[in-house]
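Below you will find one chain, with nothing else, as structure tokens; this is the form predicted alone, and questions on how it binds or moves follow later.
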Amino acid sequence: MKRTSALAAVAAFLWGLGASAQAREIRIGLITPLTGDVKTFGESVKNAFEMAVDEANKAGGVAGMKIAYVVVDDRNDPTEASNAANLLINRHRVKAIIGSVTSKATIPVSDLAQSFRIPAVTPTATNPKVTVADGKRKDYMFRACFIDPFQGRVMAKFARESLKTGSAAVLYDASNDYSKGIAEFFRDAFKSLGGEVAAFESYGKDDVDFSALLTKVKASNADVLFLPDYYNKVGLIAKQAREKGIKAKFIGPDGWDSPDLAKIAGEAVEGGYFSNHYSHEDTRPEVVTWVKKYKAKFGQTPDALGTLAYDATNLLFAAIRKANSDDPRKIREALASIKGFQGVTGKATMDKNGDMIKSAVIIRIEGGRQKFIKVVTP
């Protein structure tokens, strides 16, 4: 009897050690496009995410827990993004997710995060449907970036007031929630400011020849051409527009942010403007420090996508510390209460919809590089 009791005590002790060790680790997931049409976005997001994790682990982890993580490639495809979320939640049993990157991939991730009650933070998906659908708040979904209605207004106001333009043409991908949504937000804001939308045309996701649409744009004689899409498609359209003799100034949103834009478009995008989440030329100490350490590790300047991923990951860690727990419900509650979070992309507060209230910047392309123009506050 005594031997049985002793063995039971030892077993209980060993079980306790195992449980204690397990409690000292929290597993999180990253969903990002490492292959596919916007893989440069995914690569920078992965780099920045892993930097944030490494820094936190070297500092002792979060809330006494070491951070373990799993990275899954969604190829910028909604179905793959759903599969990735299911894999992380049901096989890897993650307590939280960072991702995905584009709106079309993040919307299905947000639906699954809500269904399984796993908090998720997208660094970069700006479409309103990510956090609110059919008037209902997805209260397990958050973001570290501003939203498309804001940057649509920012670029409409910039075009009207700073560029002194009276008319605009818009080309967008009708199959892409991000592209279609921001096209509509820009159109409505531009009209409300007294501007004329002389052409508003859509194309398909696999289109590569835009001749017919650009003929309409040229005929409209618009002062600016708003191109709300990702860098790969924008580069093609810009190049074909210049070849067709279109003189309009090109403007767009944060999807332009890639060094590959100038590689694809060449001089066609020279003098173009786009809204973004930060500029590496910003002299704030947080930006200077971030750019220096990212360059030292990866040999290149961090883009806004990676920078937002770094902020999003640290935002999640701040919530875990505040919750002092790996309980997804408590982490969600902590995320919802974040105010005055100081990230590289600026100071921000979470609103009731899980969206960040924060500033935008205007970038101009000069010599194939990004030049910081100004900050625009909400």
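Because the structure is a prediction, the values reported are computed rather than measured. Residue indices: 1-based, along the sequence shown.
One more form of this protein, predicted together with a small molecule, exists but is not displayed; see below.
Look at 272-280, 214-222, 199-207, 89-97: in the model of the complex, residues with non-hydrogen atoms within 4.5 angstroms of the small molecule sit in 272-280. At the 4.5 Å threshold, heavy atoms of residue 113 stay clear of the small molecule in the model of the complex, well away from it.
Contact annotation: residue 190 falls outside 4.5 Å of the small molecule in the model of the complex, judged by heavy atom distances. In the model of the complex, residue 255 approaches the small molecule with a heavy atom inside 4.5 Å. When contacts are judged by a 4.5 Å heavy atom cut-off, residue 127 counts as touching the small molecule in the model of the complex. Looking at the small molecule in the model of the complex, residues 30, 142 and 313 place no heavy atom within 4.5 Å of it. Just one of 172, 185, 250, 178 comes within 4.5 Å of the small molecule in the model of the complex, counting any heavy atom, and that one is 178. Here is the short version: of 121, 305, 84, 156, the single residue with a heavy atom within 4.5 Å of the small molecule in the model of the complex is 305.
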